[in-house]
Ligand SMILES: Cc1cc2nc3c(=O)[nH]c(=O)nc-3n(C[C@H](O)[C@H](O)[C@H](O)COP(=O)(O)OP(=O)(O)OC[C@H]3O[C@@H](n4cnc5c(N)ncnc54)[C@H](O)[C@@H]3O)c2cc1C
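Okay, here we've got a single chain as structure tokens, the form predicted on its own, with questions on binding and movement later.
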């Protein structure tokens, strides 16, 4: 069994957390021959070299000036050439990186490398001529090999043993891959960043209250049921012939077009055929896991640009400008597609309870109190990335850029610091209430109401 693991080095110089989980899963497969592969500058050789100590038999660095500036499609093209050359039984990728946060490269790579695909893998249950996995949102799935799996944050990457030895890193160029330079790097990237700026979205004016006022604030917030969904601002100019896949993207579509056609979310081949035949100016998809998977596959089939998790759309009547958070939500990027139709997934929310209670890392010592509080209001308990990373609560409960996006009528953040990657997943909630002992905690900048108090004292 040959397993190829795609790895990206993060801005901190370390392995992307999702890719770390993919690498660990590969190392756990008995009698597997594991190869790790990454694309980057020559300096990334030392990064890969360190990772060989964990058990990979081989490490490959795809490095060439022609690869620089690649978007997800150009990256997938380059990786696909390597996959075809190596001919593995399985390809493991992390679900997404923390740099782009798109979750597109894996599904695109599966199309270009002609493999089966399972995304959002929570566990690998059986491997042979077929592979069976339990996924985050779509149950148990079985596909034939060769297959590509995108792995969720389901484990911790092992540390090297005292006796482990460094392996070797091979460097492959565009020439080594037989790559078409026109499909690589910035030249081959159909999406382009027009500009970036600091993410200031979602901020609110917080009114500080006492814990005695909390119950009434919640009751009042629940009565504002019709005021909780804030639709994006319409554009004065409009695009003709915009397709939406399912009804989820409609509020975004209505801001850029009066000519909207709904297509059902089916398989990638059927949708690619319809889009190719009907030639819309733009196609909008939801941000649920199936839409993300199928949209990336369609983009690879049709060689189109795809912008992920857009929070705002603009048009001048000709071009579609897409705005999305990047770098864990700290910046907003304005993006345009050089291919037509322009395609984007837009930040749609997942259905849940009217009230959600988020137990942040600051609530770790009072989880029973937080659970009792959530039960009192029939609220759904959710959490933050830091709580998940520290094994306090499960990943299935995580809200944020690398978790799920929610918009309940009332969101109560307890012991939540207010990191931008968490804010990205809950900022469209109706009324946001924050409880934190630190009056300067960033979460209060995104809350309608705040209580500055110890977690336990505020809830009892």
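The shown structure was predicted, so the numbers you read here are calculated from the model rather than taken from an experiment. Positions refer to the first chain, counted from 1. We call the rigid core whatever largest set of C-alpha positions still superposes within 1.5 Å between the two forms.
Beyond what is shown, the protein has a form predicted in complex with the named molecule; the following relates to that form.
Engineer: Against the named molecule in the model of the complex, would residue 403 count as a contact residue? Criterion: heavy atoms within 4.5 Å.
Structural biologist: Residue 403: contacts the named molecule in the model of the complex.
Engineer: Would residue 412 count as a contact of the named molecule in the model of the complex, using a 4.5 angstroms cut-off between non-hydrogen atoms?
Structural biologist: Residue 412: no, not in contact with the named molecule in the model of the complex.
Engineer: Though only this chain appears here, would residue 183 touch the named molecule in the model of the complex if you measure heavy atom gaps against 4.5 Å?
Structural biologist: Contact check for residue 183: no, nothing within 4.5 Å of the named molecule in the model of the complex.
Engineer: Answer yes if any heavy atom of residue 455 is within 4.5 Å of a heavy atom of the named molecule in the model of the complex; otherwise answer no.
Structural biologist: Output for residue 455 is yes: heavy atoms within 4.5 Å of the named molecule.
Engineer: Which of 432, 39, 399, 34 has a heavy atom within 4.5 Å of the named molecule in the model of the complex?
Structural biologist: Spelling it out, the residue with a heavy atom inside the cut-off is 399.
Engineer: Is it the case in the model of the complex that 9, 73 and 190 each bring at least one heavy atom within 4.5 Å of the named molecule?
Structural biologist: Answer is no for this spot.
Engineer: Pick from 337-345, 142-150, 310-318, 360-368: which stretch has a heavy atom within 4.5 Å of the named molecule in the model of the complex?
Structural biologist: Going by heavy atoms within 4.5 Å, the stretch is 360-368.
Engineer: Relative to the named molecule in the model of the complex, which residues of 421-460 have a heavy atom no more than 4.5 Å away?
Structural biologist: Going through 421-460 in order - heavy atoms within 4.5 Å of the named molecule in the model of the complex - the hits are 421, 422, 435, 436, 437, 438, 441, 453, 454, 455.
Engineer: If we fit on the core, is the Cα of residue 403 displaced 2 Å or more between this form and the one not shown?
Structural biologist: Indeed, residue 403 is displaced by 2 Å or more.
Engineer: With a threshold of 2 Å on the C-alpha, tell me if residue 366 counts as moved between this form and the one not shown once the core is superposed.
Structural biologist: Residue 366: C-alpha displaced by 2 Å or more between this form and the one not shown.
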